[in-house]
Structures are given as C-alpha cells and as structure tokens.
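A lone chain, given as structure tokens: the form predicted on its own.
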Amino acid sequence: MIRAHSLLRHREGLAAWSMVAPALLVTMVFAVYPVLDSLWLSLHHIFVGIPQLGSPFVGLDNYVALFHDPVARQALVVTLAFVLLSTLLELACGLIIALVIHERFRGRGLVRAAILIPWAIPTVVASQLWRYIFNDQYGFANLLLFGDRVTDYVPWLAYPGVAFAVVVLTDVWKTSSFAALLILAGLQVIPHDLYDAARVDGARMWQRFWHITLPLLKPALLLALLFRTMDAFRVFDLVFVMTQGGPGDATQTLQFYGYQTLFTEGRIGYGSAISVAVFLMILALSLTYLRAMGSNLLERRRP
C-alpha cells in the first residue's frame, strides 16, 4: 500500500515537471541566459569595430568605471526622479480612476473600456503622439495657447525641466489605467458588509475610505507599485522617441545611456555593465516590495 502510494506520488511529480518543463526552458533561454551573458560581457573590455584589441578579461573594472562616471550618476538621478514621480502620480491617478469605475452607474462598462485605451496604445505610438503635441512648430499645445501667432510658439522640449515633465506626463497618461486595473481588482474583493456596518456606526465617506478601503487595498497597491516601479526603471522607448535624452542630459535615463554606450559608441563591456547594474537595482527593489507584500498578507491572516 505504502509502495503504491509512493509510486503514485512519483508519477504525479514527473507529470508536474513535464508540464512545467517547457515554461522553464523558455525562461532559461530568453531570460536567464541573456542576464548571465550580459554579466559575462560586463567583465571584459569589448569594442565593436576594433577587433585587434580582442576582449581581455578585466574583472570589475567596468563597474568601478561606472561608479566614477559622472554621466552615469546624472542618468541615475534622472532615472530615480522619473521612477519616483511617475510611480506616485500613476498610483494616485489609478486609485482615483479605480474608485470611480468601481461605483455603479449607467455606461460603466463603456467607461472601463475607454480608460484602458491609453494602456493599449503601443508606447512608441503614444510617445510620438505626445511629441507632436509639444512640437514647437505645429504642436497642439502651442496652438491651444497662442493660436495662429507663430512668433509666440514655445519650444517646449528644448527646456530641460519641461522636457522631463513631458516625459513623466506621457508615462502617467499611458499607464495610470494599468495601475487602476490592479487597484480595481483589490476593490472588488472588499466585502460590502464592512461599509454597511460603518454606515450604521455613523462613519462618513472619508472615514470609510481611510479606515476600510485603504488598509484592505494595501496588497493591490503594493502590487501596482511593484509593476510600475519595475517598468519605470526600464524606461527607454519614451526617451528614445521623444527627446533622445536631451536637452543636454535632462531626460537621459540609465537604460538609454546603456543603449547609447552599447550601440552608438560600441563599448559592449561597459554597456553590459550598465545593463547589469540596472537589473540588480530592479531586483533589489522587487525583493523589497515582495517582502513587504508578504508581511502585509501575514498580518491580515493573523486572528
């Protein structure tokens, strides 16, 4: 009997591994291998177009150079500022949108579908759209402010602060609906009985939101924060299409700096070091968020 049970468990284990194996293989080929290959490349000096230099092993020299690189430090500051501003604004806008579309009203399904349109638009298309809006010659922003007075047109993307704000605004416009979708899922699992009991006790709308909605939304908010932080740290296409990192280095993020180093300058080793550094920062943030989410779930399960 025991032997038959053990054999059954062994067969179930083999069946489970056979089902998971294709997904593991795809993950290894398209996720793990590129990371390991980038790590290996980052330990060498490799220059495209100069084969006579070879690819000498230099250990951590690229990372030491990255630590002392003023352009990389500026790109890191821009990246952190972008992550902080865009993530906070997206969570705030997503929370407001989720609270609105969670209520019952006529045409709610149509409104929910319309809200998801910006997120469904490809990022390159959305970037080009906002680039046209703030174009200094034929952009809608200048037309809205100055009409046909061509001499009064403002070169919005030529000012460092304005260019950075436009990139943040574009990201917030596009991805707030994604955060709203995650938060809406959290709202829908909150029992209505809690709100009914709070109304009976005389709690006002703000008190119900602060003491019931927000505490029970913590897992959904943390999940939205995790996804949006990871995405914001990897921002590239917005910068590539809208500003090319300019004016100056006002919108140059680490990802875009790594792209320029790899494909424009041909410094494969140093560019790979930038990519690995970005990966490690995202990994550290993700583990921090996941630990916070785990702690929050444990607190909710305690009697």
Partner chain sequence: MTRRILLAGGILATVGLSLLPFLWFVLTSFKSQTEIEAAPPPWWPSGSLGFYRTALFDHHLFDYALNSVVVAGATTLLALLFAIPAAYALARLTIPGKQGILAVLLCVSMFPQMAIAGPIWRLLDSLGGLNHRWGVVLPYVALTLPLAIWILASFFKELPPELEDAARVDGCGTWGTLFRITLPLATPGIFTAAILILIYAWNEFFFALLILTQPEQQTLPVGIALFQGEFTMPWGELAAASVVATLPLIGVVLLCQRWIVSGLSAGAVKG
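Positions refer to the first chain, counted from 1. Just so we're clear, the structure is a prediction, and the values are computed from it rather than from any experiment. For clarity, a rigid core is taken as the largest C-alpha set superposing within 1.5 Å between two forms.
We do not show the form predicted together with the partner chain, though everything after this point is about it.
Subject >> The single option of 84, 125, 77, 197 touching the partner chain in the predicted bound form, heavy atom within 4.5 Å >> reply: Checked against the cut-off, the match is 125.
**OP:** Please state whether every one of the three residues 88, 214 and 218 places a non-hydrogen atom within 4.5 angstroms of the partner chain in the predicted bound form.
**Re:** No, none of 88, 214 and 218 comes within 4.5 Å of the partner chain in the predicted bound form.
Original post:
Does residue 278 reach the partner chain in the predicted bound form, with heavy atoms at most 4.5 Å apart?
Top reply: Answer yes; at least one heavy atom of residue 278 falls within 4.5 Å of the partner chain in the predicted bound form.
Subject >> Contact flag, residue 203 vs the partner chain in the predicted bound form, heavy atom cut 4.5 Å >> reply: Judged by the heavy-atom cut-off of 4.5 Å, residue 203 is well away from the partner chain in the predicted bound form.
Subject >> 4.5 Å heavy atom contact, residue 129 to the partner chain in the predicted bound form >> reply: Yes.
Original post:
Is the gap between residue 288 and the partner chain in the predicted bound form 4.5 Å or less for some heavy atom pair?
Top reply: Result no; residue 288 lies far from the partner chain in the predicted bound form.
Original post:
If we check the partner chain in the predicted bound form, which of the residues in 93-128 reach within 4.5 angstroms of it by a non-hydrogen atom?
Top reply: Stretch hits, in order: 97, 100, 103, 105, 109, 110, 111, 112, 113, 114, 115, 116, 117, 118, 119, 120, 121, 122, 124, 125, 128.
**OP:** For residue 64, decide whether the Cα shift between the shown form and the other one is 2 Å or greater, given a superposition on the rigid core.
**Re:** No, the C-alpha position differs by under 2 Å between the shown form and the other one.
Subject >> Residue shift check between the shown form and the other one, rigid core fit, residue 26 Cα at least 2 Å >> reply: Superposed on the core, residue 26 moves its C-alpha 2 Å or more between the shown form and the other one.
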